[in-house]
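Shown next as structure tokens: one chain only, the form predicted alone.
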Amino acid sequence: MTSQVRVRFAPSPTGYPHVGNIRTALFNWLFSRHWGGSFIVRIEDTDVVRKVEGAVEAILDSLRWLGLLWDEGPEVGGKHGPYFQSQRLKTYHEVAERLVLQGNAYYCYCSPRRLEGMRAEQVRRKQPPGYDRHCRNLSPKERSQKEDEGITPVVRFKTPLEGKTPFNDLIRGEVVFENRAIDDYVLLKSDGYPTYHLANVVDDHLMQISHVLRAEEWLSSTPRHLLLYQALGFSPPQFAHLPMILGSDRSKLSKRHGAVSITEYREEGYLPETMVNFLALLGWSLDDKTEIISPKELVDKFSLERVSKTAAIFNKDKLSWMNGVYIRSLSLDDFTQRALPFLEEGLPASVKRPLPPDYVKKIMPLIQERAKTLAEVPELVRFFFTQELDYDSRLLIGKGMNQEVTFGALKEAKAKIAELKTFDTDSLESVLRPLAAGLGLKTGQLFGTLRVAITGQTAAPPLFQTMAVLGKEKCLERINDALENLARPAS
């Protein structure tokens, strides 16, 4: 790059940030960091009707959570502010008036009713939709009459009726649009707010944006923007349109595929480093085999040449697998600290708070291999904290065992455990493994029965380590409960 890279993420606060939004932000951030440039955040809040309360905060919180810190924008400022488009209306009005005076734009007085009728007629005739340029060549007298009627006009761009608009997309290569296929689009709405097209071009120029990396859906808007740059005498940035993200069935990504807000993934216990890694692979790759890539390596290796032209597939199962890999890579202290808020929130109300940190830290290594998300942790460790277990006593009776054999095995195990002076994994194994043989049982049968008695579950962390953490008193108490459950007549 011969000049400084300046890219922007310009979300509209009409909803909470979803996978597609944040993938765009990530690619812009990676591109800026790779080239030592600037990452700007600009809030495009001109759609007043659809603005969602709290969306701006959710967008900024999501970027912070993922580590995508911005160099200019809300909360950090910068010399090209303000960074909310609603605070830049005067500039848009001045530019729109300039375009009208130059003859590159005009006032349009068409009512919503007329426009609806026009569109219906176009549909009936199977014509491509678009404004019919009814007001393009109004005389001064006709305009004066419309204004006397009190009609507040919109400002439309006067698109050239002939010629072509070509451009080089940094991902897709040469793209050409016929000007006659582009309608006279609105620049300034009757409520005084700009459309995306006007505000976007003006702000990108004034904020000295060098590259626009945005979703594929904006590809067809690029000729409009280039014509507007030309009319204003601005040098356009370079454009790169990122591939679509599809669901696993190759249909448009929706909630059933996992296209929920990034905030929800955070609440579900996905790690930020997982999300960055996963989103980076939605349309970009390091090679044809590498799946786990650190943020530093992403920055070092990121390039637009490796961005795919074809749609990326969102796979929720792959995301969960990747999150499990990242969880297993955490240090014990880090895993414990990250899991604690989920435990505080997810364990039953009967569990005393705050949770004892030393006790929690003993438990965490036992389930770190099994957890795919932090939100799963409370359920995996619940039996370590609850006073009583709730399970079907029939689960105590393993394959090839009956109630009598199970009762006897638990009774013998209780006696052996009660005799132990030292209560740790080695001591437990030294008495319980030989006990199985002495009872004529396989170790899997005895240990399976004990696992249910101790945890209330058929699948749990390693038995002896679990018992050592729970302690001798708690284990004996739970074996007693199991014996009582077995002795109780079936209902």
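The first residue of the sequence shown is number 1, and the count goes up from there. Keep in mind the model is a prediction, meaning the values are calculated, not measured.
We do not show the form predicted in complex with a small molecule, though everything after this point is about it.
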_Proximity of T274 to the small molecule in the predicted bound form, heavy atoms at 4.5 Å_ = no
Hey, in the predicted bound form, does P17 get a heavy atom within 4.5 angstroms of the small molecule? no
Item to complete: Spell out, yes or no, whether the shortest heavy atom distance between H211 and the small molecule in the predicted bound form is within 4.5 Å.
Response: no
TODO: Indicate whether the small molecule has at least one heavy atom within 4.5 Å of a heavy atom of D47 in the predicted bound form.
DONE: no
Discussion item. I have R23, S308 and F314 flagged as a candidate spot, so tell me whether each of them has a non-hydrogen atom within 4.5 Å of the small molecule in the predicted bound form.
Written reply: no
Partner contact check in the predicted bound form: of 146-154, 400-408, 193-201, 162-170, the stretch with a heavy atom within 4.5 Å of the small molecule is 193-201
Picking from Y185, F84, W218, Y391, the single residue whose non-hydrogen atoms come within 4.5 angstroms of the small molecule in the predicted bound form is W218
